[in-house]
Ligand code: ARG
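So this first bit is one chain, no partners, the form predicted alone, shown in structure tokens.
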């Protein structure tokens, strides 16, 4: 590997296999533009503090902007086995401006530079992901509003529980995704600190201005301890953790859609644009996109665990193990950025099979809790009402009868509080209408929630 940023004390060449093993260029090339941005800020600071001359500043700024333009145009030199992106930017700059490029590294270490570059990338990518989550939420909200009158069975333990509004069901994911945005925003708030100017571990005796560096790069503050500045990867772990929780939510949503679009449920009809067929079975329409979103969550989890395990035994300060954090981070960011737009479009295009949903509401055991609460309103304790309705359910199972088929005289055998009005409860629309406790599934409360979300997106855009 040629053109290293080090080597004066070495007499031997690096072993070829070791050289390839040490290289991080294949993945930290993603930082190339940010490395140029850090370089531009560093040059301005060096000029202001008198560490370089005006002519040198001009040459370096011009050269870095040329390198940056090439990077943005996708022009990279992969001919040499570069050690890392920092070496690459430095040497390509040298090809453009000559030996003055060597002054770029005054008062600078890759230990702090890689952290700064990664923080800048995270600020950009996480902001994009938050926007993508907003778009997904808007598609969920539109689906909820368009189908606000649909009542469906709610499930616990994958068994019929109680009726809920489809809109209420979907708004549950709105809440989850809102928490995801908060976690990502909080992680970036802590990542928004500049490590530049701390040297390799203990700062520099050269005359530099860290505050200026921070401002030039758009950071909100400087990191206060030089050792922590080069060794901190908390921000990477926090972002990976937030992405893992987000991936879990996307996986759960995908699983729900997979189940609801199955032949057994047939609640949802997924657009063919998001499905695939079978190479053997001509009739198949498979929810492969959703299955892969569900599956990719494992890789996002793995990246978090890999990063945590990598960091757990490292002594202060910087260690080469830490170059691997970018593999895990970039992979998770890339996965989530691909998944969110797919889910957004899938939800906007899917259709609800109202008749299939309605058929499930014919299961009158869905209304057992409504009947229990009806008895409590008549003065029974919870345990008394629960036992009476439980015995009623057992009777229906034994006699293969629906609750609506049980005569009032028989009902009174379970509790003398029963009257003919109880049969009116065996209806999905009636069931949800009375769930008016805060956060419940009554149409009034759900519409209030929909309007609240609409107002939020209209006034804040997020």
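Predicted model, so just to flag it, every value in this text is computed and none were measured. Positions refer to the first chain, counted from 1.
The same protein has a further form, the form predicted in complex with this ligand, not shown here; the description that follows concerns it.
Mapping the unseen interface onto this chain, residue 114 counts among the residues with a heavy atom inside 4.5 Å of this ligand in the predicted complex. Among residues of the shown chain, residue 323 is one whose heavy atoms approach this ligand to within 4.5 Å in the predicted complex.
Although the partner is absent from this view, residue 168 stays clear of this ligand in the predicted complex, with no non-hydrogen atom inside 4.5 angstroms. Put simply, residue 441 is far from this ligand in the predicted complex: not one heavy atom of it is within 4.5 Å.
Proximity to this ligand in the predicted complex, taken as a non-hydrogen atom within 4.5 angstroms, holds for one residue of 328, 374, 173, 318, which is 318. Contact with this ligand in the predicted complex, judged by any heavy atom within 4.5 Å, is made by just one of 84, 370, 232, 216: 84.
For the marked spot (24, 28 and 110), a heavy atom within 4.5 Å of this ligand in the predicted complex is present in each of the three residues.
Comparing 84-92, 173-181, 339-347, 140-148 against this ligand in the predicted complex, the single stretch with non-hydrogen atoms within 4.5 angstroms of it is 84-92.
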